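Given next, in structure tokens, is a single chain: the form predicted on its own.
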């Protein structure tokens, strides 16, 4: 990874972190629904992986944070309008933060059921193989989701058909409040790939360069027609499962936040490489705050969805 790419990942991660903090602040003040599942601690990993993809590739995302959308170019205004249920959103404010669909930016949303994205990814992969060879689709999911039946069915069929699918597991060690060690028989979810004859790779999700490299290889494999790869990124969820989660089940929460945040690590890497200094960092912070406050002002002024639109855009 070259320094410019790494700086871009840091800049996007910083924006995602500050934007989520503002959303949480507004939710705690009663200005927004408290529906955000904060991605703090996992955004560097998410953005590094997406950076290794092309703009015309597709993603299906998990419910952890908004960095996926920001990395693909969805505007902060549209994301915030989705959360607020207002006009100007990607899904007209009907999907909330967990169902952002932005097809022009290659974002195909999140399934209405946990793990449903596996099945959708297979359908997308079949379409890409037949109609748009060379493109790939990546499904981001959590460790808990890997225990759903859709995981096994989909990996098997994607492997049989050699579909251009990449399965990216963000293993943060918890399925809501349940430790992975008590819900999953294997220490590495990537080990399950062997059962389907596809590569399984473990990577440190706090290392942006390592994630980028692993993802780049998976993308190249998929583009070449060799089928899927299962990537497991070991990451740390800095906050609770959702905004109001006090994490009483996690006695090490304070220590984790202080020692395992990937954003300061990436920042220091850039400083050591001579790419980032205090002046540039201040500029990036100021630019992030400007973008965020502009989005907040726009969405606050936007009208709520009219009641008569409730039954529009439905299939039945």
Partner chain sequence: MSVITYSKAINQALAEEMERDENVILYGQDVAVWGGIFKVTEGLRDRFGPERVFDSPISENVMVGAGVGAAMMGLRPVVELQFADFIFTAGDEVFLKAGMWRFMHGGAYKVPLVIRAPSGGSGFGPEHSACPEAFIMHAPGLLCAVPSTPADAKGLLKEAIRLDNPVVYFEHKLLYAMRGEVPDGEYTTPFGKAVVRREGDALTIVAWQDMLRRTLAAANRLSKDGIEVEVIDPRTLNPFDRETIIESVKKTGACMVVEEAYRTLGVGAEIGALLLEHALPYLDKPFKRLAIPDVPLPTSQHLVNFIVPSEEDIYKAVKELVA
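Positions refer to the first chain, counted from 1. Worth saying up front: this structure is predicted, and the values here are computed from it rather than measured.
There is another form of this protein, the form predicted in complex with the partner chain, and it is not shown here; the text below is about that form.
Trainee: Contact with the partner chain in the predicted bound form for residue 76, defined as at least one heavy atom pair within 4.5 Å: yes or no?
Mentor: Residue 76: no contact with the partner chain in the predicted bound form.
Trainee: Can any non-hydrogen atom of residue 174 be found within 4.5 angstroms of the partner chain in the predicted bound form?
Mentor: Looking in the predicted bound form, residue contacts with the partner chain do not include residue 174, since no heavy atom lies within 4.5 Å.
Trainee: Looking at the partner-bound form in the predicted bound form, is residue 58 within 4.5 Å of the partner chain by any heavy atom?
Mentor: Looking in the predicted bound form, residue contacts with the partner chain include residue 58, since a heavy atom lies within 4.5 Å.
Trainee: Should residue 101 be counted as a contact of the partner chain in the predicted bound form, where contact means heavy atoms within 4.5 Å?
Mentor: Because a heavy atom of residue 101 falls inside 4.5 Å of the partner chain in the predicted bound form, the answer is yes.
Trainee: With the partner left out here, if you bring back the partner chain in the predicted bound form, are 95, 126 and 316 all within 4.5 Å of it by some heavy atom?
Mentor: All of them do, each having a heavy atom within 4.5 Å of the partner.
Trainee: Though the partner chain is not shown, can you say which of 145, 90, 190, 229 has a heavy atom within 4.5 Å of it in the predicted bound form?
Mentor: Result of the distance check: 90.
Trainee: Heavy atom within 4.5 Å of the partner chain in the predicted bound form: which of 218, 233, 122, 208?
Mentor: Answer to the contact question: 122.
Trainee: Among 220-228, 180-188, 112-120, 238-246, mark the stretch whose residues have heavy atoms within 4.5 Å of the partner chain in the predicted bound form.
Mentor: It is the stretch 112-120.
Trainee: Pick out the residues of 271-300 whose heavy atoms come within 4.5 Å of the partner chain in the predicted bound form.
Mentor: Contacting residues: none.
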